[in-house]
Structures are given as C-alpha cells and as structure tokens.
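Below sits a lone chain in structure tokens, taken as the form predicted on its own.
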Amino acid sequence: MDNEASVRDRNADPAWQFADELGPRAIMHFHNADAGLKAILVVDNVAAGPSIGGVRMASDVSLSECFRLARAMTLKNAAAGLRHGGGKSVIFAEPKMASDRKESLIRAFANAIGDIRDYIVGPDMGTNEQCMGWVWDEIRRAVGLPREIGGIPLDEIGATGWGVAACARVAAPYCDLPLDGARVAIQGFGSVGKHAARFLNESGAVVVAASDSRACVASQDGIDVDALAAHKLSTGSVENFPGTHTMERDGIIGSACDIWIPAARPDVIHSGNVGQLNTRLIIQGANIPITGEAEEQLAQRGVLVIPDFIANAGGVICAAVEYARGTQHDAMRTIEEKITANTTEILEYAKQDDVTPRAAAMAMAERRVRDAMALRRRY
C-alpha cells in the first residue's frame, strides 16, 4: 500500500531485534505521499491499559529511537502505577514549518492512526498542545490538550519540570547535597528545562548554565531564570543573555555544577564525552539522554544518575490524570506524590542491594509490567 501503509513484518523490520517478552505489540509505518507524511508508531505493551506516548517530530528520527522511546514509556507508565501501557510515534519532518503545513501534517498523521485504539497521542519534542487539539479534532484520542477544549496543558504548566524538581528534592540528600544553594546546569532550556529550572530555583537552587540548540550561557553568580525565559521567547535563543558568558551549545556538558539536567535529545551523553561532565547528581529530564555505557562510567565515578522513566514521568502522569478527567490540581499533586515515592524506593533499593538506580528502577518497573500481564489474557 502506498498510502498510510502499515507494515508489521518481524523479519523485515530491524526494530524486532529489540523484541522480548514485554513487547513490542506492534510496529507500524505510515506513508501518505499526498500529505507528505512519513511516520512510525510503536505500541510496546498494553497490559495495564491503552498505551500513552508522545508524537515526536524531527527530521532525523528513526525506527530504533521510536522503539527505545516506546519501551521507556512502558517502564515509565508502569513505574508510575498508571492504567496505561507504553507507545511512541515519530514523524519525519522539520518541526519549524509554517503553521498551516504543520496542521495538515498532524491531521494526516491522526487519520493514519485513527483505527489504532490502543494508542493515545500526547505532545513530545516538536509537537505541542495545539497539535494535540488537531489530533483530538480528528480522532478524539489525545492528551495534553489546550485548556479551551478541557485539557491540562502540561507544557504550559511545566508538569514534567515539576516532576524533575520533585525528584531532585529526594535525590539530593543521597549525595549529601543541600538543594538550597545547589548549582544547576540545564541542557535544553525548553518546555521541560525552563520549568525544571524555575521550580528548582524556587527551592533555593541556583542555575549557573543553560543551553538550547544554538548556544550555552553560563554565570557562576547565577542566572535569573524568568528573565532568561523571557529573553529566549523574544530572541529565539538563550544566546547573548545579559550578564552571562555565551559559548557553543555543547559547552554545557563541561559546566561545573552540582546537578546536571539533560532535557533535550536522546544520547547527548555517550562514551566520547561523558568524561567532560563535572557534577554530582544527574536528573534525566529527557528520554534516553545518556547511553548505557556512559551511565556505567558515571556510576564508577560515583555520580548519582536518576533514570529518565523515573525522573521525567510528570508529563505522562499529568496526561493520565487528564484522560481520567481530573483537574490541574489533581495532576500536580499526583506527580509530586508518585515521583517522590518512586525516587525514594529506587534509591533505597539501590543502596540496600548495591546496584545502580537504573538497575533498581528497571527491576521495579518490569515487575509491575509482568504483574499487569499476568492479569490479562491479551496484551
């Protein structure tokens, strides 16, 4: 099929090399030549309920990335105790396009997945609440909706950043690190990073470096987070923010700090640059931002790393509350409760069994997925 084709051939699809007893349930490729749509959807596991996962738009996404993100959502939703499994979708396109062109592309994607009832769409990198409104208009199956149609706009309120800050409040004492006065570096001052910076700043932490796709700015005297957000809104970048030193964007990696927060793309820290990190605690605000090999090296150095599907679950928790018709107040309270409890549990387990936080988190999340699978005839 040339239009909106669905491909599920395990032998032809390289993503099946990652398959295990948890999933994936299905891998689907969509192509609509008329709309210029090329997209992939991975539904990983739906034992706990229909999968929730964002749609990511970028020109360099891949099948492997989509699967890895879908699995992260399975673990994230299970760890958070949600009635949802994990899935993810990617659209091959440059997100900074004309609004009418983007609307046409998102609506074409929504119609392509219209019959996939076990996947609920949410916002991700390159998409936002407005995009979810377009999806809702087409198929009535989206979360992270605009307020005007009854949604809880998770990017606007900073749901993921709120969870990252809650995670940091729990994790910091495990490094003998007072949060009040702690120096924070934010890699990716966007919808997650700017809110994490704001909430941590309210807890007394000091942001000393922040980056986006164009530049990194730094000041050991501290950066006014609200003023930086306003500067980026007006100029399009953190670049040349008054009172800071501007450097190339990857300068954030070596910035001296107490807490380093990756909140942008996957695999930004790898074996080739992990040695540059100069921090005591890493809270993963982005999905899969550090390779497995790099995480092992950080553990050997004594750097505490809180894995993505524990630290950045605030967005999907908010989405699940919205889907269940809860309020914004319900969402923020639930995010703090769940992330505080899960961070505490994995760090206590890691300390007791002398394993990494990721190993502890994986054991907890996989156990919860398998428990859900045991209750279902089909998943």
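Start at 1 and count along the sequence shown; that's the residue number. This structure is a prediction, so every number in the text was calculated from the model and none was measured. Note that the rigid core is defined as the largest set of C-alphas that superpose within 1.5 Å between two forms.
The form predicted together with nicotinamide-adenine-dinucleotide (NAD) exists for this protein as well; it is not shown, and the discussion that follows is about that form.
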Identify whether nicotinamide-adenine-dinucleotide (NAD) in the predicted complex is within 4.5 Å of every residue in the set Gly190, Gly285 and Gly315, based on non-hydrogen atoms.
yes
Ok, Thr127, Thr160, Ser255, Thr244: which has a heavy atom sitting within 4.5 Å of nicotinamide-adenine-dinucleotide (NAD) in the predicted complex?
Thr160
Picking from Thr235, Gln220, Gln276, Ser213, the single residue whose non-hydrogen atoms come within 4.5 angstroms of nicotinamide-adenine-dinucleotide (NAD) in the predicted complex is Ser213
Given that the partner is absent here, state which listed stretch (127-135, 114-122, 262-270, 98-106) has heavy atoms within 4.5 Å of nicotinamide-adenine-dinucleotide (NAD) in the predicted complex.
262-270
Considering only heavy atoms, tell me if His231 and nicotinamide-adenine-dinucleotide (NAD) come within 4.5 Å of each other in the predicted complex.
no
Does any part of Asp155 reach within 4.5 Å of nicotinamide-adenine-dinucleotide (NAD) in the predicted complex? Heavy atoms only, please.
yes
Answer with yes or no whether Arg249 is in contact with nicotinamide-adenine-dinucleotide (NAD) in the predicted complex, where contact means some heavy atom within 4.5 Å.
yes
Within 23-53, which residues come within 4.5 Å of nicotinamide-adenine-dinucleotide (NAD) in the predicted complex, counting heavy atoms only?
none
Taking the rigid core as reference, does the Cα of Leu69 move 2 Å or more between the shown form and the other one?
yes
